[in-house]
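Shown next as structure tokens: one chain only, the form predicted on its own.
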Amino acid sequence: MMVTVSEKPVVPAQAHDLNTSGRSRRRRRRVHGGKIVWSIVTHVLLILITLFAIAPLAWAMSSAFKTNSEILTGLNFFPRNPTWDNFAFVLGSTEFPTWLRNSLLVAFGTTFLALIIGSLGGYAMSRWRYRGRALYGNTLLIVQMFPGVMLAIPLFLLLSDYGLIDTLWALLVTYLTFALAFSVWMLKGYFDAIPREIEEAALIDGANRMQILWRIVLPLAGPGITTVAVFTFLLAWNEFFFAYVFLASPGKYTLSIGMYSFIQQFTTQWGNIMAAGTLTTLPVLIFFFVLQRALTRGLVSGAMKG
């Protein structure tokens, strides 16, 4: 005798659970698909922005290998007949080595002094409470509120009284004035995040304040030191306006003023400008890419600690 087994009917509650599970899977798929689309759109936009940012630099480097006639008459990105004549002229027939030396002296001098003075000022603001502390910090920030053009004449008169016009010292003092605010406040943020117990333990072991600063605090604030060094170096390396106002002798020119001298009354030596610009940019690019990871870590950490 055959027994017919009937299928078990699906109760309403189970049907509801199945429908809910199906809707949840479809919703997850839609959310996942939306994330993929958004990720693609975001990456495409970032690539376009990056290309827009590096296009002028790439065009300048390409033009460094072109003749003046090709630069003025052609719109091609790659040079038709690459030439090294522009680089040979810049290195052999101009004072480019002198300009490079002056820029290095000013940039490294400004960076060194900004790190020394900024470390001392930031450490004092972080660890001690003294009369005028807030006024000191706010005074540094006030310097950043005014455009450089507004301060050019007062600085020129002040430096003239001390006989510093047409010297590299004028640039060093000026750049240091603008770099100290960033240096002090950035390093203060790092010093605030270093536990005081470390310094107290060092004091118990017999170390003085200067030993604690140079051997303990500054190594722990390494990312902040890197950030200040990079920004200060770039500030002094790329600045044009004050160098144009304060310097008059070609032997005292920095790279930015030296390249400007290629622009003459009736002609502009575009090929030489592009070659000099390429030579000027390459050391900075190498320096930046070497310290890129430390710089990024320093910016993020400093923003969180500040």
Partner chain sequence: MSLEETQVQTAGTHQRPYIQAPSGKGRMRAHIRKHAMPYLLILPSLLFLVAIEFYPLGVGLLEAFKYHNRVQPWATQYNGIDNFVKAFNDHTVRIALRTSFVMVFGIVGLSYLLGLLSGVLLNQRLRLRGVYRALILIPWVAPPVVSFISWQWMLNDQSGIINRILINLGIIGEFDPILWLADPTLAMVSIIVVGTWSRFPFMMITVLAALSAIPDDLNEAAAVDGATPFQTFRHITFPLILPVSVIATLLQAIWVFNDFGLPFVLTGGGPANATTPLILLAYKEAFQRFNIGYGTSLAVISMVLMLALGAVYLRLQAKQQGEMS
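For clarity, a rigid core is taken as the largest C-alpha set superposing within 1.5 Å between two forms. Residue numbers count along the first chain shown, from 1. Keep in mind that what you see is a predicted model, and the values were worked out from it rather than measured.
Below, we refer to the form predicted together with its partner chain, which is not included among the displayed structures.
Only one segment in the set 100-108, 84-92, 215-223, 145-153 has any non-hydrogen atom within 4.5 angstroms of its partner chain in the predicted bound form, and it is 145-153.
Proximity of residue 173 to its partner chain in the predicted bound form falls within the 4.5 Å heavy atom cutoff. In the predicted bound form, residue 178 approaches its partner chain with a heavy atom inside 4.5 Å. Its partner chain is not shown here, and in the predicted bound form it never comes within 4.5 Å of any heavy atom of residue 189. Contact annotation for residue 112: none of its heavy atoms lies within 4.5 Å of its partner chain in the predicted bound form. In the predicted bound form, its partner chain lies within 4.5 angstroms of at least one heavy atom of each of the following residues of 43-75: 43, 45, 46, 47, 49, 50, 52, 53, 54, 55, 56, 57, 59, 60, 63, 71, 72, 73, 74, 75, in sequence order. Once you line up the core between this form and the one not shown, the Cα of residue 249 stays within less than 2 Å of where it was.
Superposed on the core, the two forms barely differ at residue 222: its CA moves less than 2 Å between this form and the one not shown.
Once both forms are fitted on their rigid core, the CA atom of residue 67 lies 2 Å or more apart between this form and the one not shown.
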